[in-house]
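Coming up is one lone chain in structure tokens, specifically the form predicted on its own.
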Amino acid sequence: MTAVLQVEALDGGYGKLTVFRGVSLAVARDQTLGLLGANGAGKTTLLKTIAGALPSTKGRVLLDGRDVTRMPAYLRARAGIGLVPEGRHILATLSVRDNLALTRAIEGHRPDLPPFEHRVAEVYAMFPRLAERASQLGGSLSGGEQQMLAIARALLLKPRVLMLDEPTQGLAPIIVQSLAVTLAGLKGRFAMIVVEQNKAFLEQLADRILQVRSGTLVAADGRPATDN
């Protein structure tokens, strides 16, 4: 397997508090990795550390073989690590269109990107409801629509790796199923890491599922994840 993203013996947390330890994983471009675990297990902290929003204390993060461990979050985003955070973090007082247009700031650093209008048309095709609500304020959208907007915003950056933190949180079952279908349709375009507590959702989507327990990775059967 040629890995787009490799995480090697990574430790991280908040200051002197270590939240996860010795995490190693690898994801190829055509793979989706599911990370399953309860609240407080370290899943969100791990994603933030991979994305560069939090510093690691040991180990390495490699993107296409390039060591990005000491690279700040904005440079990792330019390089192709996309994160859809828990809570979505859309701007409530901006319209859907303006929330998406914020991603244009990266264009001067990514000459490989297609024109913005082409990329917007692509995400509107994936999420027609966003096209219908293009002039509506982000804060007035439903939870499902806000999640669509958060994912669409990340997709505009044409990531090499897309990481989603609890994408089904607070969503109705019918919206969860629709989201699973949409994400499954993206498989093969880039690597994905999906953090969830919803095991059924991950089973629909992921090629492999690992559990996060007390800051370490274990296989689905509970044994140490030695084949990461």
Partner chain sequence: MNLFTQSVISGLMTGAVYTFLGIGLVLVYRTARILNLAHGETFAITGVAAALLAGAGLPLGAALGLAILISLAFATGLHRFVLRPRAEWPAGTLILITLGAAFVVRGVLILLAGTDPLSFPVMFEGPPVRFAGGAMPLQGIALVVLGFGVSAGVGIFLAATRAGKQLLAAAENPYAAELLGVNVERARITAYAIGGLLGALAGVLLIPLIAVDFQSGLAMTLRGFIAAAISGMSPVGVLFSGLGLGLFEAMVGAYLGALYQDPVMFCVLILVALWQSRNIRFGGSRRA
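Positions refer to the first chain, counted from 1. Just so you know, these numbers come straight off a predicted model, no measurement behind them.
Keep in mind that the form predicted in complex with the partner chain is missing from the display, and what follows is about it.
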Query - Stretch from 191 to 199, 46 to 54, 60 to 68, 175 to 183 whose residues place a heavy atom within 4.5 Å of the partner chain in the model of the complex - result: 46 to 54
Report task. Although the partner chain is absent from this view, report whether residue 94 comes within 4.5 Å of it in the model of the complex, heavy atoms only. Result -> yes
Query - residue 85 within 4.5 Å of the partner chain in the model of the complex, heavy atoms - result: yes
**Report entry** Touches the partner chain in the model of the complex: residue 134 (any heavy atom, 4.5 Å)
**Finding:** no
Report task. Spell out, yes or no, whether the shortest heavy atom distance between residue 130 and the partner chain in the model of the complex is within 4.5 Å. Result -> no
Query - Heavy atom of each of 29, 33 and 160 within 4.5 Å of the partner chain in the model of the complex - result: no
Requested in this report: Let me know which residues along 104 to 134 have a heavy atom within 4.5 Å of the partner chain in the model of the complex, or say none if there are none.
Outcome: 104, 105, 107
